[in-house]
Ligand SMILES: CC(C)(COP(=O)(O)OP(=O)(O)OC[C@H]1O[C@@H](n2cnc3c(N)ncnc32)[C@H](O)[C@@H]1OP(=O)(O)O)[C@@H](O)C(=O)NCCC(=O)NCCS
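Consider the single chain below, provided in structure tokens and representing the form predicted alone.
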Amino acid sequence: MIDGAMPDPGIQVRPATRDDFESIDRIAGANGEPTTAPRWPGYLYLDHLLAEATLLVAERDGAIIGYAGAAVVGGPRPAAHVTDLFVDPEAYGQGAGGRLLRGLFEAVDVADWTTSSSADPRALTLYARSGMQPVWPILYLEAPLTLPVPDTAAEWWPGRAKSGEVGPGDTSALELTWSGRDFAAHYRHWASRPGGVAFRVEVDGRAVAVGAVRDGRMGPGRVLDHLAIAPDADPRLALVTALRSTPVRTPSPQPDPAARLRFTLGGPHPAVALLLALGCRITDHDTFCTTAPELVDPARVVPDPSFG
């Protein structure tokens, strides 16, 4: 939750420290987005933000009333992604959200910005006023761990496809070649999560996708954190092949009847209708906002809402 009200002059914004994590997690939980989880060790997510991103808190009278983060995706055209922007519900309407967003803009020296906005009108208003245009929905999908074979696959899949775990550096290097976006620090984080691996999918020896997958943090199943699709691959078939790949389908430590696969997808992705026909269902949605709509091709990425 963020707001666009005139800021309270008593609100101060400063860099976060690890001593702030308990307050940050309390505020995140109050907004339905806890940073900790039963299946995650300690402050895994916040530790990554503190080490590899910019993490700010807003204070009033010595009490933390909000926090925000921004992580840079490197490459020839670096961009910052607003990872989090949440305010204590008791401080809504007092301008802390706007102060935090301005603090991120001042702290991170890049021209291009992206974020995954909630459906809250105040959030979309603040991002749009800041220059981040709402461009397409981000769909949250849930699927059986094993999708059926699509009729459209013909002979292309699955007999000629193979997949396997590779190093985070290899996946990020290949994605950088394909898209010009460098997720190296985030691939290391994704692979460090419980059950996490970076992986590569090939057809006839040619890479068609790279990504990162891990165990669910709130319950059984797998979560595809991020996937990049090669620019010369059919985005529908490459995505379905990746979703059926061994790294994605293999639960840890053992199968569970309730286990599901969860991932996000841009609304314009050409595989949306196919995936729904194969048994996926939409469980929620956000809005992708950016200062540069051409920066991200929604047909070539499964985005992590936290990092882009």
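Don't overthink the numbering: it's just position in the shown sequence, from 1. Remember, predicted model here, so these are calculated numbers, not experimental data.
Same protein, other form: the form predicted together with the named molecule, not shown, and the subject of what follows.
- Interface residue remark: Pro235 is not counted as part of the site for the named molecule in the model of the complex, having no heavy atom within 4.5 Å.
- Shown alone here, Arg206 lies farther than 4.5 Å from the named molecule in the model of the complex, counting heavy atoms only.
- The named molecule in the model of the complex comes within 4.5 Å of no heavy atom belonging to Ile229.
- Ser179 falls outside the set of residues with a heavy atom inside 4.5 Å of the named molecule in the model of the complex.
- Contact with the named molecule in the model of the complex, judged as any non-hydrogen atom within 4.5 angstroms, is confined among 160 to 168, 209 to 217, 80 to 88, 190 to 198 to 80 to 88.
- This chain appears without its partner; in the model of the complex, the one residue of Gly74, Gly93, Pro134, Gly131 with a heavy atom within 4.5 Å of the named molecule is Gly93.
- Using a 4.5 Å heavy atom cutoff, none of Glu22, Ile24 and Thr36 lies near the named molecule in the model of the complex.
- Residues of 96 to 121 lying near the named molecule in the model of the complex, listed in sequence order, are Ala96, Gly97, Gly98, Ser116, Ser117, Ser118, Asp120, Pro121, the criterion being any heavy atom within 4.5 Å.
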